[in-house]
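Quick heads-up: it's one chain on its own, the form predicted on its own, in structure tokens.
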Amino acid sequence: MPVKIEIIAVGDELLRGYYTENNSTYISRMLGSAGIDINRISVVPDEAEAIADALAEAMSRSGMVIVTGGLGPTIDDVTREAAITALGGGVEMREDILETIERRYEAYGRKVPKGYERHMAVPSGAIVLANNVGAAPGLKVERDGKMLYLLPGVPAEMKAMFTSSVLPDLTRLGAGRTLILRTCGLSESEIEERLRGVLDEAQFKSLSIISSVAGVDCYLGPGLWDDGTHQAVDRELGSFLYAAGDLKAEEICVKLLTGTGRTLATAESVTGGFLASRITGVPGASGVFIEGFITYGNEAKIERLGVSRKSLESRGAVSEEVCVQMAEGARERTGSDFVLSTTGIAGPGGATEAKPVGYCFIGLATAEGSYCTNVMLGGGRDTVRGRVASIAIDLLRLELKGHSERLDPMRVGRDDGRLGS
């Protein structure tokens, strides 16, 4: 019988909505890819009694409990104390923990702040989990055959500790890998229809199809697929499938650009730099990304990218003509092999009857010619901006992968009647 696993996130700031609780999402995703399901996720305040109650309840019904948050040096960091209470009150004083923290601070020429001495008190029998990113260590405690992990709440620290110290313990529980397929350009219903004839009844019922600003992801649980199924699904999704696993589209593009020695620039309006941020967030992007223009106003488009004033006056900034001129102008100025451009109406204002909120253009300029696609997107301002950036990155992927059958309908040219003079 599978071991039940729970996650408890600690923090007043999470309950008050000051921060989005993403630690449990990360842990669930990592374990899910290893074929391990999470049974329950809870959020509790920075109160020792509330944390202790939540821990005791979780330990009574689950074989493993992972807690994030409340391990710092401040007065509201009480997760260790709460764990000691929940586990029966047994405590050990570990001077080596404080010594490790002191050495870390000394390496930066600083003294340990007050409050870290409390880290020496841990539940009896606890194993210390090294924190290679921050100061506060994690803890691993076994009681009556059940396991408790205490991890920092700072995402970077939590991820590093989870990957190095927790995931190796838990992957042995998995039933195999979950098949994760990442797509862009198809809706959830279109993917469902494509896969209906590929998967058998049990596989189809277990299929999870989840939409996000990056596209649509498909999940097929462990034990429900093999290499033959994987290949059949790949064929059915075709060029709309950009990754199997957790790879991001921008990571794929940076890798392809690096491998061929080609370069990229961006010319953004509606996305306001978000597209360039996605690209430059990939390690190694500095070797392929030349420059990003954020030309929000019309005068900036004219002065920095050479967009025609006549085009802006006759077609408007949100038009195929201007979108292509932005991309081609940036390419002329940077000498980059490829330029992605974006323009549109993110809302909530600025819309007209002809150009409502979500009406956007995405362009790509290359040495062989330019491409442009017009999309109508739903959602709020941030959703529109995020989806436009994702579509732009996917447009580049199609070019780098040579999917001409998808790109040819988007090709534009100054002699084909689609662009004005």
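Not measured: the values here are computed from a predicted model. For every residue, the number given is its place in the sequence shown, counted from 1. So that the term is clear: the rigid core is the largest set of C-alpha atoms that superpose within 1.5 Å between two forms.
Keep in mind that the form predicted in complex with a further copy of the same chain is not shown, yet the notes after this line are about it.
Of the stretches 87-95, 132-140, 101-109, 287-295, only 287-295 has residues with a heavy atom within 4.5 Å of a further copy of the same chain in the predicted bound form. A single residue from the set Leu256, Leu247, Ala300, Ile127 has any heavy atom within 4.5 angstroms of a further copy of the same chain in the predicted bound form; that residue is Ala300. The listed set Thr334, Gln203, Ser165, Thr263 contains one residue whose heavy atoms approach a further copy of the same chain in the predicted bound form to within 4.5 Å, identified as Thr334. The shortest heavy atom separation between Leu237 and a further copy of the same chain in the predicted bound form exceeds 4.5 Å.
a further copy of the same chain in the predicted bound form comes within 4.5 Å of a heavy atom belonging to Arg304.
Looking at Asn22, you'd find a heavy atom of it within 4.5 angstroms of a further copy of the same chain in the predicted bound form.
When a further copy of the same chain is considered in the predicted bound form, Pro409 lies well away from it, no heavy atom lying within 4.5 Å. Ala351 is not among the residues whose C-alpha shifts by 2 Å or more between this form and the one not shown once the rigid core is aligned; its shift stays under 2 Å. After superposition on the rigid core, displacement of the C-alpha of Leu400 between this form and the one not shown stays below 2 Å. Once you line up the core between this form and the one not shown, the Cα of Ile51 ends up 2 Å or more from where it was.
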